[in-house]
Ligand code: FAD
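Consider the single chain below, provided in structure tokens and representing the form predicted on its own.
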Amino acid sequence: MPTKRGADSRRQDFNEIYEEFKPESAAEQASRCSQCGIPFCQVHCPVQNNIPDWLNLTANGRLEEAYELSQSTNSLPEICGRICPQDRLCEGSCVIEKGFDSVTIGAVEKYITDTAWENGWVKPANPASEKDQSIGIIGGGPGGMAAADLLRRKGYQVHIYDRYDRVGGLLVYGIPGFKLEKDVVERRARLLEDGGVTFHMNFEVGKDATLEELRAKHDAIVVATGVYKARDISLPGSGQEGVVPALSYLTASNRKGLGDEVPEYENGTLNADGKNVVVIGGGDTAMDCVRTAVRQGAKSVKCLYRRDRKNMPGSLRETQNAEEEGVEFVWLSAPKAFLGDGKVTGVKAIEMHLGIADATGRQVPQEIEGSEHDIPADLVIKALGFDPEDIPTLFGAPELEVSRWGTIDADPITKMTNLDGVFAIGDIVRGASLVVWAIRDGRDAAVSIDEYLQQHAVAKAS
């Protein structure tokens, strides 16, 4: 990996923790690729990046060509290079991995793309011809941005509608700056705008317009809203002050970093400064929360997870970074109640052990009787994942079909829903998933929409 700033230094700010590769270091790292016959790194990349090829180009100093190849399959390569859990995807599938000494693919991808931006190789869309058809994209997160990129390059008139005041969705408000500095997202949004994408910010579908009204306005619609409703646990004391959902906490921190006025941060409701913090959960969102709390000046930060390290769903690299920064992991422990009298003072936890595996193959956590213990806490953050909101009701479209999990039911190949010309992508279809899968869905949907609109144009002409 590139040089990582020391834990004492990076605890003081929200800047990214890895330095940039030097050209010779990037070339040396890229040259470690064995160019194997079956590139498992590419097979296990959701967007099917041509990883061995652009590593080879990087090793030979042909960086502009490496960038062109990288961005040909990924609309947001500089973002994936920073936040993808490469240890679970491409790098984890590298055939030379020994003690996780695989090629650092993500860091090279970041280096290639940052170099491209610095040298002016990244250009806005400049379609050969303009088309009359327009597409409305609901949601300006990674999936919506990826779809907009490809559709605009094909010459369509693209409009993105988003309920937030900035483009990027969770890239801006959910992911902390030490993993993804916000100017990286902002410059990509500017590139889309420079290429002709029209943004409608602070626009809430169902309030400012119904889905049917947008369908009447555009030739195709893409629903890319993501999932934002926090999963909860019904435990005694959960309604007390100081027990907060992860996204509210992270959004407040990111808004503060962007210079917004955030009353909940200023009055301490969503600020960990000087507090004993307990984060419940073991995914990447939990890692974002514990590392944010450290930077806000928390007195202590503990992560409570009901399974062990080996069964943790979050990135192992992120777990290691958190431990270096002073986070204490309380493995095999689950909350039973939140202590306090109107304001949380602690978490009553119980020790767990892993029993036999269930249908998914994961061992089921079971409580150890008589092992209850109290953990002091002034702020408890619940990072338990996300569920979809009731999109048909919110959009005023009861005819839009959803799955039994509440996600939109869309064709896995074409991404079209039961409504003609309405497509759906990303987390609102998959459930809470990775940014790179949203990008893949956005690109796939763009191809399907292009075919759909061309067929309609031919039918109309005949």
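These figures come from a predicted structure and were not determined experimentally. Quick note: we count residues from 1 along the sequence shown, nothing fancier.
Omitted from view is the form predicted in complex with the ligand, to which the following refers.
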(request) Within 4.5 Å of the ligand in the model of the complex, counting heavy atoms only, one of 366 to 374, 333 to 341, 304 to 312, 134 to 142 shows up; tell me which. (result) 134 to 142
(request) Check each of A66, I408, A26, V435 and return the one that places a heavy atom within 4.5 angstroms of the ligand in the model of the complex. (result) V435
(message) Quick check on this chain: which one of L270, M352, L247, V184 has a heavy atom within 4.5 Å of the ligand in the model of the complex?
(response) L247
(message) Is A224 near the ligand? Define near as a heavy atom within 4.5 Å, in the model of the complex.
(response) yes
(request) Find out whether any non-hydrogen atom of P85 is located within 4.5 angstroms of the ligand in the model of the complex, and reply yes or no. (result) yes
(message) in the model of the complex, does F178 come within 4.5 Å of the ligand, counting heavy atoms only?
(response) no
(message) Against the ligand in the model of the complex, would L170 count as a contact residue? Criterion: heavy atoms within 4.5 Å.
(response) yes
(message) Can you confirm whether V205, D284 and D288, the three residues that make up this candidate site, all sit within 4.5 Å of the ligand in the model of the complex, judged by heavy atoms?
(response) yes
